[in-house]
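First comes one chain, alone, set out as structure tokens in the form predicted alone.
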């Protein structure tokens, strides 16, 4: 039955955004406002010997580490990131100080005149270098921000008894968010109280960072989210840093201070998706069934820890994909390098690993002579199975229905056979399966977040939603109002939901991890039903609802055992491609997606999320190239860093599978991150099938494909190179006919 709540309505923020009346942080003017510009390191790693500052005109200021009354560290999982550099800098773009004044051009002029004298330190740029460097590490004594391992079953025993073993290695590169609105904040200091306005996902993250930086009482810090033009995770932890900058400047000058990035600065210095290196060792029995899997994940955290600890955890919990593997060992490290810090990005570590596991399953299927769809289906998780961490899947897992549906929609099997017969056509079709764990890991919602929501009935019978969750373009304003409206049986026009202000709203947790609808929306549904029961008690009422973890959840954070997530959403993608035989450019001919997200709160909004997620994922897989040379980003403009447009891909066909979740509002599960996860492996699989060369790295560029094809087609390379590039990892090449240059090229590209 189609749920009534799924029927689309107009998004709440459409009139002001489409009409141009929405006020973003750069549009807001405060009386007497000053402007700030950051002086940044131009060295990847160096000791600061001295700083020469020109004479400042009246009304201009320098703000640096000496203007921080509390702790010069951004509050995060590990407090290792300074607001302003102290004795050393660890990446190009690290903040050293601010110049603040009434005229922007003059402020910029002063910044350019400041001279910093450095003593260079040997930098660390790669995951491999980070692991090897012990004498002069960036962090700790081993450059490792986080290291974990967990097991399921008896993997050592399985590997000892099984002889058919396949090994693979995969890598992914950076991805930049390119949200529509660059980072920006305004700090104000009045009557002994600091207020920060800005584009952000997590107002209470920012407030807690400011509390630590100032060492003040809670009532002296206020954070207000302004209309936010996109985020994708890029405005989760990063705004805490620049909120501190604007706040310190406001206190020092006694005036409002605006700090807004231009696009180039935003690309150069804000967080990115973590690059990764992922290795698999997989053992199969005589029936071609996977019995054991060993996965080794390494992510490049950049110069500071940030959220890398939990990004790594989600990567590890996704390591074996949607597959039921009885014996598992997963290891993971987040390593420090002298590059811009990596951070939160849609999917939060899962896209890197799902690319790897899906391609690995493809390679094994090819090795054992099975079609990928059949081999994968043979191994899928079902209700009653246990996840990689031993968590029980209690809800129905509709992967068989999802697979059957997408096969019929895309004609996958038919095209797979057709393209096999015409290998010279350079057409291919690829298939991926994936999930997203909803909400925070394990008992994170219960033990760390402890979400709290309020509903306030007013005298005019309107109801206000009071939560700290933000609308950053994904539709939270509409979805949460809709949940309350339908629960109360009141018109949606009677439901008020303003941008969060920490002086007014409780901490309902951050707008991350696809938790807003399922977790916060679930709390609002409960609060609304209670308010409905008590509606006639008084002209004004306030209902508070706190998160209670479902009793079935069992989680051991130290051992990583149990229910890593309270629930899962599932999906499948098929992508059809054609490769230009001359340029090796990839043309996408068809895209299909089938998803189980429980029940859609608004089907049209959800389809928009899905289409956007798929396109963003295909960009990650193909054209979003970001190289770093000597610590400096080479693609630092939107001319150089290319993202997909609506004309780059064909119409996407989407189908939703209803599968209501008992604890979600109206049966809804998580949805925002899921559509991103499966796009890259589906495309990579299609390209691999079209060219009959393995894809072990994304983005898949024409240059990369050409290097693969050229190497594999050289007669003297045909045996060992083809083996190295296909399904099994082999030792370094020793064939004397293969030159050292070709071996180096092979290692770099594969």
Partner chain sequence: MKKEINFVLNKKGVNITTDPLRRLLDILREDLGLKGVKEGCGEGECGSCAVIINNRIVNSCIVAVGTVEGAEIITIEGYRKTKQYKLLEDSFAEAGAVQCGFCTPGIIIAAETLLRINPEPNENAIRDAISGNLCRCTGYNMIVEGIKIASQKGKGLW
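Numbering follows the first chain given and starts at 1. It should be emphasised that the depicted structure is a prediction, and the values quoted were computed from it without experimental measurement.
The same protein has a further form, the form predicted in complex with the partner chain, not shown here; the description that follows concerns it.
Segments offered: 400 to 408, 558 to 566, 279 to 287, 608 to 616. Contacting the partner chain in the predicted complex at heavy atom distances within 4.5 Å is 608 to 616. Scanning 116, 652, 365, 657 against the partner chain in the predicted complex with a 4.5 Å heavy atom cut-off leaves one residue, 652. Between the options 294, 464, 309, 181, the residue in contact with the partner chain in the predicted complex by a heavy atom within 4.5 angstroms is 181.
Proximity of residue 232 to the partner chain in the predicted complex falls within the 4.5 Å heavy atom cutoff. When the partner chain is considered in the predicted complex, residue 647 lines it closely, a heavy atom lying within 4.5 Å.
Contact between residue 27 and the partner chain in the predicted complex is found at the 4.5 Å heavy atom cutoff. Under a 4.5 angstroms non-hydrogen atom cutoff, the partner chain in the predicted complex has residue 264 among its neighbouring residues.
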